[in-house]
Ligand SMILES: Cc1cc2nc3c(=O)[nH]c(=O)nc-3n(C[C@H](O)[C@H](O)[C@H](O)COP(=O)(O)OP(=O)(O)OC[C@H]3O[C@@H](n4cnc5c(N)ncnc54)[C@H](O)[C@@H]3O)c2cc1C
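Let's start with one chain on its own, the form predicted on its own, as structure tokens.
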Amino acid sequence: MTDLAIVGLGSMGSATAWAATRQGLSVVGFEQFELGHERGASHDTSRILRHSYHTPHYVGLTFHAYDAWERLEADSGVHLVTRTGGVDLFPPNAAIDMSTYTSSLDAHAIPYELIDDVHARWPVFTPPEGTIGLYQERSSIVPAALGTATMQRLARERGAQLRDRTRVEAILPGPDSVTLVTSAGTYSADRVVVTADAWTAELIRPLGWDIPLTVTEEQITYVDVPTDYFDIPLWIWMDDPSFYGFPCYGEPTMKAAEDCGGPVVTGDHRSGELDAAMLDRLMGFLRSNFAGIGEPVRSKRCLYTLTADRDFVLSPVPGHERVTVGLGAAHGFKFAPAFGEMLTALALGETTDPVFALDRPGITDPNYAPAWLV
């Protein structure tokens, strides 16, 4: 019997394998597809790492994220964090209240700058008059595929057995252990962490918890841009619809996408094909707010797995505390190494943060109105 079994080896599951093996635990992990597959949310290139968030609770958690990325870099010898600076763009009458961001940063004494003329600072930005930029210099980008693969490598070097193409079909908690029924046989573990993203609800439902998740198929696009774009920070458009982007180091493109703009799908039933309407919507926004934007170079699809409140799930399953669930709610990659440490601690008995518990209103209240802007 192993100490810890992990179901799902995207960024969160791989981070948990890394963190658990650092503590000397024996680990077995299961991934239904090949490691590094592109059917979920942990593939392709960079993601955003930032202090700027909408509540003091989240801003406080970002310190753990930065520290965990530093530990991962030191442990692996791989450069993973590239500082770009970041600007949150609040147009007039923005749907997102800028004061929630500034007050949350103030609560942790994190320095930032409010910029009245974004175009004067970065001439490629051409937003509407009255747009305010909230600039935070420590904002960075971190690599998705490379970061996930690095955590998998380190876990394996410390003895973890990571079994890809092995589907977990049932989780059976007992009084002293948990049995996993998989496509390759039956396994026993003292504790189990479920980090299966879009496939989480179906795995947990037999344990008495019907987690109301919405899965959408999103689309990111790489756009040809002039070389002066390499001097701009990562950016987030703080309105509805919300967009984000940043320059891609190594090629003259900018990666950009709409947040929560895709159709509702499931993990097993989604198109994987280019959505022309989504591309037109993104390119219309970019051409209205940036100078010198070229043509789209390529687009990729990925999944968002959203809770109604868009808060994370980092929680044991009530009534089955040997099983812990981790879910990033489609903005979690920046926290991935920290989540691995947190999920390992939760599996070993640490108290759950009520903001991220399974028994909170955003999970249990059937009338909870979805709110996805963060």
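So that there is no doubt, residue numbering starts at 1 and follows the sequence shown. In this text the structure is predicted, and so the values were computed from the model without any measurement.
Although not depicted, the form predicted in complex with the ligand is the subject of the following passage.
Does the ligand come within 4.5 Å of a heavy atom in each of 9, 218 and 304 in the predicted bound form? Yes.
Okay, which stretch from 345 to 353, 56 to 64, 314 to 322, 327 to 335 lines the ligand in the predicted bound form, with non-hydrogen atoms inside 4.5 Å? Among the candidates, contact is made by 327 to 335.
Quick check on this chain: which one of 167, 71, 119, 138 has a heavy atom within 4.5 Å of the ligand in the predicted bound form? The residue from 167, 71, 119, 138 that makes the contact is 167.
If you check 193, 196, 160, 254 against the ligand in the predicted bound form, which one has a heavy atom within 4.5 Å? Of the candidates 193, 196, 160, 254, 196 is the one lying within 4.5 Å of the ligand in the predicted bound form.
Partner contact for residue 45 in the predicted bound form: the ligand, 4.5 angstroms, heavy atom: No, residue 45 sits far enough from the ligand in the predicted bound form that none of its heavy atoms falls within 4.5 Å.
Can you check whether residue 285 is within 4.5 Å of the ligand in the predicted bound form, heavy atom basis? Output for residue 285 is no: heavy atoms all beyond 4.5 Å of the ligand.
At 4.5 Å between heavy atoms, is residue 308 in contact with the ligand in the predicted bound form? No, residue 308 is distant from the partner.
Taking any heavy atom pair closer than or equal to 4.5 Å as contact, tell me whether residue 31 reaches the ligand in the predicted bound form. Within the cut-off, so yes.
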